[in-house]
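Below, in structure tokens: the form predicted on its own, a single chain.
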Amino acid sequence: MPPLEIPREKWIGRVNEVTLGGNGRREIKIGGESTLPFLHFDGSIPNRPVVAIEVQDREPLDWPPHLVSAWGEALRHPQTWAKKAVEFGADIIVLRLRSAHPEEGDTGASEARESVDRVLSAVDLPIIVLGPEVTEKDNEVLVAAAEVARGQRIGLGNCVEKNYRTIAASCMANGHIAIASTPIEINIAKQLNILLCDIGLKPDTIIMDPTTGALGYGIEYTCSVMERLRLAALGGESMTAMPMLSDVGNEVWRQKEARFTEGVPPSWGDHLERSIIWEEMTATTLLGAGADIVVLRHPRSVEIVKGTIEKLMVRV
């Protein structure tokens, strides 16, 4: 009897490989896959998915107590927070310029420059800088961040349809990566990539953020869109071939399962255990859908997710 032949997919496409960091800063490469997540037998996965830890430019006042206690005094200063994130195993630091939001401080370009410079000086990991998700403020603080980090190939987001020209121009002028953020819809994600490439950004300087839904809050739809983007890329559609980022912690820790200790059924169990499970399960689910970067908040979640990635990257 002839040996059993295992059927294999023959993909014609490949995810773009994107490099973050450089110029004296540690480099991280993401993307480059020629197969679906962790299906090593169908193609190559040259770069493992990575875990980023979120750092904010101001002390968060709305985090639940056990998330605050995991970081302690480090939360008061972004540079100290970033150093602690390195100790906890971060591959990338995601600096969120939250204080620039008009309702949370309304800080501007000078404060953004100072925060970015402090974090860049404190750690040698690659950096992604996210604005407050208010277009006018994003333009102001991200342009400032890009200038401070010139040549160090940081990520800049959110780059959306309303401001993509400004962010793309800043990326091209300063040698950075655009984080293209869109609602959970494959055609809108593809269209923004086309617009960015049409004005001069190279495909290997774009990372997609197709928006994340937490466990129990639209994660199935998120997975569906991410899987369709990855299938299109492997099928040869170049404008869907950008690696993907999932902002997991930001989404998970605003849901009641992770936040609340009172007014919930006893069957929900221990609050700390439940919230870590919520973050870890959301992250691992989205890794299976194609995320190349997951952004987390709790150190224990980081440990669990990194361990899961290690196991999934073993080729058997």
Partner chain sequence: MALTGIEIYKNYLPKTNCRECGFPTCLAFAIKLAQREVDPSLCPYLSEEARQALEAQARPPIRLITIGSERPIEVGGEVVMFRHEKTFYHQPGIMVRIRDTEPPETVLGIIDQVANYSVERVGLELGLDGFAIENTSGDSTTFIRCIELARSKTDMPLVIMSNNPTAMNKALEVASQGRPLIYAATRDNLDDMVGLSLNYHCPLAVYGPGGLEGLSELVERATGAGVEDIVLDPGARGFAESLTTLTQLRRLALKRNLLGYPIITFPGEGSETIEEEALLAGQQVARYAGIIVLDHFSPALVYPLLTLRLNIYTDPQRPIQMTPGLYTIGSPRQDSPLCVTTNFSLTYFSIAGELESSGFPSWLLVCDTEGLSVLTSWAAGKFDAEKIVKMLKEFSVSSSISHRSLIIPGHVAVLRGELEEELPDWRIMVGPREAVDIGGYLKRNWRGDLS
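Remember, it's a predicted structure, so these values are computed and weren't measured experimentally. Numbering follows the first chain given and starts at 1.
A second form of this protein, the form predicted in complex with the partner chain, is not displayed here; the remarks below concern that form.
Taking non-hydrogen atoms only, W278 approaches the partner chain to within 4.5 angstroms in the predicted complex. Within 4.5 Å of any heavy atom of the partner chain in the predicted complex lies no heavy atom of V15. Shown alone here, D198 lies farther than 4.5 Å from the partner chain in the predicted complex, counting heavy atoms only.
Contact between L192 and the partner chain in the predicted complex is not found at the 4.5 Å heavy atom cutoff.
In short, of 50-58, 64-72, 25-33, 282-290 it is 282-290 that has heavy atoms within 4.5 Å of the partner chain in the predicted complex.
Contact annotation for 248-278: residues with any non-hydrogen atom within 4.5 angstroms of the partner chain in the predicted complex are R254, Q255, K256, E257, R259, F260, P266, S267, W268, G269, D270, E273, R274, I276, I277, W278, listed in sequence order.
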